[in-house]
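In structure tokens, one chain follows: the form predicted on its own.
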Amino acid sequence: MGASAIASAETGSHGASADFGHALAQRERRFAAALLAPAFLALLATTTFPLIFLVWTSTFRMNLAMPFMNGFVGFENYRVLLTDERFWSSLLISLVYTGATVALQVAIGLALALLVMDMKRGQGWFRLVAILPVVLSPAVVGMIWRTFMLAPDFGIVDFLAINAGLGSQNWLGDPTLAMVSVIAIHTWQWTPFAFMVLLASLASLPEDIYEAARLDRATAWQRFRRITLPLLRPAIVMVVIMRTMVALTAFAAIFTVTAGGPGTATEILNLYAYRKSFTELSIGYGAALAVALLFVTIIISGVLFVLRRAK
């Protein structure tokens, strides 16, 4: 009887402890939910609701210049979009712009990171100077390049071109040069981001692997191709994903420098949606263009995430 009583008491004690632990876990979950609720509601209000409203608006013919024709049209805006040559042109420009800028940022950023890793002194100053373009507003960057760098005759780039024997160029008036210019501007501003991420990744690589490779008489190129690149692959893919999503939705710098011109030579899809909505006042069709850009961004990002997980 004594042993049975002791066992019953221990069982009751364990049950009480389990109930107390369960109640404590519930209180902690409720407290965590209370802390999360304001941020979650703010996220819904600033992202989810506007996104739903954008999709809803894209199903209407909403033209402020001809309000008498407004009304629900379903998928008509998307049907028109698929036959819109300007849409396909702006989409192609967006893809070229994104591909070129991201490739240049990763290549130049990796080259700078490798260079700085070999520096014995001055790494801190180099990092400080390199990060300055990122903290500038894209609109400010666009004004700087348009006014001081690419201005004909007295701009810095034109001055260098003249002294190199290439003559003065209309950097923002020629369609090809304008595209090259906006790619260069975006690359100049955002390469430091890739540089800083890749530099941090390089600094975290194990040194013993390189020592073993040197003992095996591996050349610098072999060490880079067989050790550095494979180990940096996750960081490189993440930089590509982040910079791709930003480049696809670029707006301020291009709008400030060329406004999509000359003609539509630098009119990316984001800028075309803006023009359609706020210049031509076709809000419904502009919303459909924005939704199309959203789908393109999601698809490309999804493909890149799949590549990131692939071995």
Partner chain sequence: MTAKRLRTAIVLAISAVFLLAWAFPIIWSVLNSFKTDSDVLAYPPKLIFSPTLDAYRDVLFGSGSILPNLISSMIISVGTTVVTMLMAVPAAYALARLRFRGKKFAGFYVLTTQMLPPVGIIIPYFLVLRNIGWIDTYQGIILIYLSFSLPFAIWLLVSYFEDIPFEMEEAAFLDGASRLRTLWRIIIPQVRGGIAVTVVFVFLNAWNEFLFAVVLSGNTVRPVTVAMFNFVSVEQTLWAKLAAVSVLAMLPVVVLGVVAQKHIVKGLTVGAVKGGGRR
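These numbers come from a predicted model, not from an experiment. Positions refer to the first chain, counted from 1.
The form predicted together with the partner chain is left out here; the points below concern that form.
Colleague: Kindly indicate whether G99, A212 and W221 are, all three, within 4.5 angstroms of the partner chain in the predicted bound form, using heavy atoms.
Modeller: Contact check failed for every one of G99, A212 and W221.
Colleague: Looking at 81-89, 225-233, 122-130, 204-212, which stretch has residues with any non-hydrogen atom within 4.5 Å of the partner chain in the predicted bound form?
Modeller: One stretch meets the cut-off, namely 122-130.
Colleague: Should F68 be classed as touching the partner chain in the predicted bound form when contacts are defined as heavy atoms within 4.5 Å?
Modeller: Residue-level check for F68: no, no contact with the partner chain.
Colleague: Is there a heavy atom of F75 lying 4.5 Å or less from a heavy atom of the partner chain in the predicted bound form?
Modeller: Answer no; every heavy atom of F75 is more than 4.5 Å from the partner chain in the predicted bound form.
Colleague: Flag L294 as yes or no: does it have a non-hydrogen atom within 4.5 angstroms of any non-hydrogen atom of the partner chain in the predicted bound form?
Modeller: Contact with the partner chain, yes.
Colleague: Residue-level question: is A139 within 4.5 Å of the partner chain in the predicted bound form, judged on heavy atoms?
Modeller: The answer is yes: A139 has a heavy atom within 4.5 Å of the partner chain.
Colleague: Consider the chain as shown here, without its partner, and state which of L95, A103, L115, M179 has a heavy atom within 4.5 Å of the partner chain in the predicted bound form.
Modeller: Selected option: L115.
Colleague: Tell me, out of I183, V240, L172, M196, which residue has a non-hydrogen atom within 4.5 angstroms of the partner chain in the predicted bound form.
Modeller: It is M196.
Colleague: Heavy atom within 4.5 Å of the partner chain in the predicted bound form: which residues of 284-301 qualify?
Modeller: In sequence order, G286, A287, A290, L293, L294, T297, I298, S301 come within 4.5 Å of the partner.
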